[in-house]
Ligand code: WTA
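As a starting point, one isolated chain is supplied in C-alpha cells, in the form predicted on its own.
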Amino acid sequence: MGTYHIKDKHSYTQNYKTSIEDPETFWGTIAKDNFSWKRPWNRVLDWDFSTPKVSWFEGAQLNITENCIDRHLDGNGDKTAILFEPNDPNAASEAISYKELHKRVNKFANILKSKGIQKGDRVCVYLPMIPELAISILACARIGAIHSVVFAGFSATALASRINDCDCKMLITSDGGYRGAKTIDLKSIADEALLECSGIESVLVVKRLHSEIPMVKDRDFWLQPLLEDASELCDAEVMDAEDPLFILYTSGSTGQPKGMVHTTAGYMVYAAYSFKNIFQYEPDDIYWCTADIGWITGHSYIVYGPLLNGATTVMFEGVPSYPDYGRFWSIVEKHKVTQFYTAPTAIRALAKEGLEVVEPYDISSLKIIGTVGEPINEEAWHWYNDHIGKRKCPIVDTWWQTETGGIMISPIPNSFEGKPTFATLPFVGVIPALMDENGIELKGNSVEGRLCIKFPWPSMARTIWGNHQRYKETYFSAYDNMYFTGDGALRDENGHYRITGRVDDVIIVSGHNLGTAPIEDAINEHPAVAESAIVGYPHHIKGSALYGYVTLKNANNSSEALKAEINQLISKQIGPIAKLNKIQFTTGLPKTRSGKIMRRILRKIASKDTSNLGDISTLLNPEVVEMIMENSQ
C-alpha cells in the first residue's frame, strides 16, 4: 500500500518498492485515499508502449477543480490559495483565498460558457503572470474545455501556429503586461496572430496596463464587465479519467512544435503526490515557484500540484533583476516563503551580482530550495546551498519534462541527500534505464547512456495533439517497449543519476527547450542567407547559449546590421528567447558526403574544444572546418 507522505528513507524505500512491484495497488490506494471521485475506476492501469496506449484509472469520473478548490472550502476556505506578487514592488500583493478563488473560477467559467465554449473545445491562453492566468485555466477545467497556454514571450507567428494546430475556438489575452521596467503590448501581438487564425470566434481581454487598444467588434470583449454580471455558481463538468485536461506545446528538433496532451486523473494524482513529497509541503507553508505558467513547471508546480494539496502558492509577475537583483530575496522575506523553486539560470545570474543583493534580507524562513529546467552546474549548486539554503535547506535538483507532466528524478528531503549536479534517484513509480547506441540496456552502476523509462507513470502525456504517429516515432521508436526521453545520463557508483544533456537537436537556454530546426528555418527566410546551423555552447549565466553559423549567398553582404536583422527575424518568428548570442558568417558548413551538416564539429568549435574533432578528412569539404575555426568568436 502507498503512504501519501514520504517522511524518511524507510517510507521512500517502501513506497518505491511497492510502486514498482505492484503499481496498480500502489497508485490505486494513493488515488482512492486522497482525492474525491464522482465514480470509481474499473481498472487502475492499461498500457501498451508498442502502440503506444496508456490509460490510468479508466472508467473513473471526476473534475480536477473540485479537488483543487471545492474540497478545501469547508475546512480551509479562508486560507490563501494564490498569493500574487506584482511586478511593481510598491504595488500591493493580492491574497486570494480558496473561497474567493472558487467564486472567481466559477464566474470565469460561466463567461466561457456564455461565449459558446463547451466540453472538449480548446481555449488558448496568452497572458502575463497575473491571477487571471491561473483562474482562466481552472475555469476551462471546470467546464471540461481544454486549455492551451502559450508563454507571453512568444511571437505572433509562434502564437498563431499553436492556436491553429489545436484549432482553438477562443483566445484569452490582456491589453499588455509588465516585465521589469518594460511593458509588453500583448494585444497587438495577439491581433497580428489572429490574422492567420480563422477558428477563433471570441477574444477575452484582461485589463492590466489600462492602455488604449483597438478592440474588434463582436470578437473582442473586455473581461471585467462580463465578470460583474456572471454568476458565482457553476457546477463542475463530469470528466472521464482520460479526458484531455490541457495541451502544452514543446519545441521539437524538427518542424512544428509538439502539442503534448495531458489527461485528467493520472496527471492530477501524480502532480499532487510529487508536489507533496518533493517539496515536503506542510499546511502552514508558503510555497513559491518562480516559473511562468506558460511552461509545464508552472502548470504542475504553481497551479495544480499546490492547489490539489490545499497549499498557498506564490505567483510572481516580475523578473529577478527588477528593480534590482535583491527582488527574489525581498519577496522571500516579505511572505516568509518556505519552499523556493527556480531555474539554474536565475541562480547563476544572482550569484554573479554578489552577496550584497542577498544579505539585506531575512530568508531564514526557507526550508527547501529547488532547481528546474536544466542540470545545475556545481559552482551554482554550492552558491545556492551556502548562501540561500545556508547549508540547512535540502536542494531538490529536479529532472522532468513537458512530456512527463511531473518530476521524475529528484532528491526527496529527509529521505536521501542531494549531490551537486545529480538529480539523484527516481521518484516513486519511475523505472529508469540507460541504453547504449545499439539498444542494449546498460546494467549496474558507473555507466553512461541514453535515458529511457521502462514503465508508465500516471502523469505521462498520452499523445501529440492530432498526430499520434509522431508521438510514437518521437518517444517510443528508438528502443523497444520504452519511453525515450531524448536525454543522456550517467549512473554513478551509488546508483544516482546525472543528466548529461540532450542527445537530439534541442538546446536548453535559460531553462527553455529550443529546437534548432525552427530557428534555422527562420534564419533561412532572410533573402541574404543560403543556409544556417545552430548549436549550443556553454554560457556562464544561461547554461547554454545559441551560436549561429550562417552561410550567405554573397559573402560581401556580411555586416553587424545583417546580424541584427537575423536576430530580429528570429524574434518575430519564435520570440526573443531564441535570439542568437553569437553569429558567425561562413563560406560553407562542414558536411558529410551525403550532405548532412556535422553539428558535432560546430558544437566543439563554438565551445572552444577543438583538441579532438575526429577524422574530418572524410567530410565533403574538410577545408571549411579550418576556416570556421580561424574566424570563430
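Predicted model, so just to flag it, every value in this text is computed and none were measured. Just count from 1 along the sequence shown to find any residue number.
The following text describes the form predicted together with this ligand, which does not appear among the structures shown.
Asker: Go through 403, 165, 132, 317 and name the one with a heavy atom inside 4.5 Å of this ligand in the model of the complex.
Answerer: Looking at the other structure, the residue within range turns out to be 403.
Asker: In the model of the complex, which of the listed residues (374, 292, 85, 505) lies with a heavy atom within 4.5 Å of this ligand?
Answerer: Filtering the options by heavy-atom distance leaves 374.
Asker: In the model of the complex, which of the stretches 352-360, 280-288, 216-224, 293-301 has residues with heavy atoms within 4.5 Å of this ligand?
Answerer: Single hit among the candidates: 293-301.
Asker: Taking heavy atoms and a 4.5 Å cut-off, does residue 250 contact this ligand in the model of the complex?
Answerer: Residue-level check for residue 250: yes, a contact with this ligand.
Asker: Please check if residue 80 has a heavy atom lying within 4.5 Å of any heavy atom of this ligand in the model of the complex.
Answerer: Result no; residue 80 lies far from this ligand in the model of the complex.
Asker: Would residue 487 count as touching this ligand in the model of the complex under a 4.5 Å heavy atom rule?
Answerer: Output for residue 487 is yes: heavy atoms within 4.5 Å of this ligand.
Asker: May I ask you to check whether residue 73 falls inside a 4.5 Å heavy atom distance of this ligand in the model of the complex?
Answerer: Outside the cut-off, so no.
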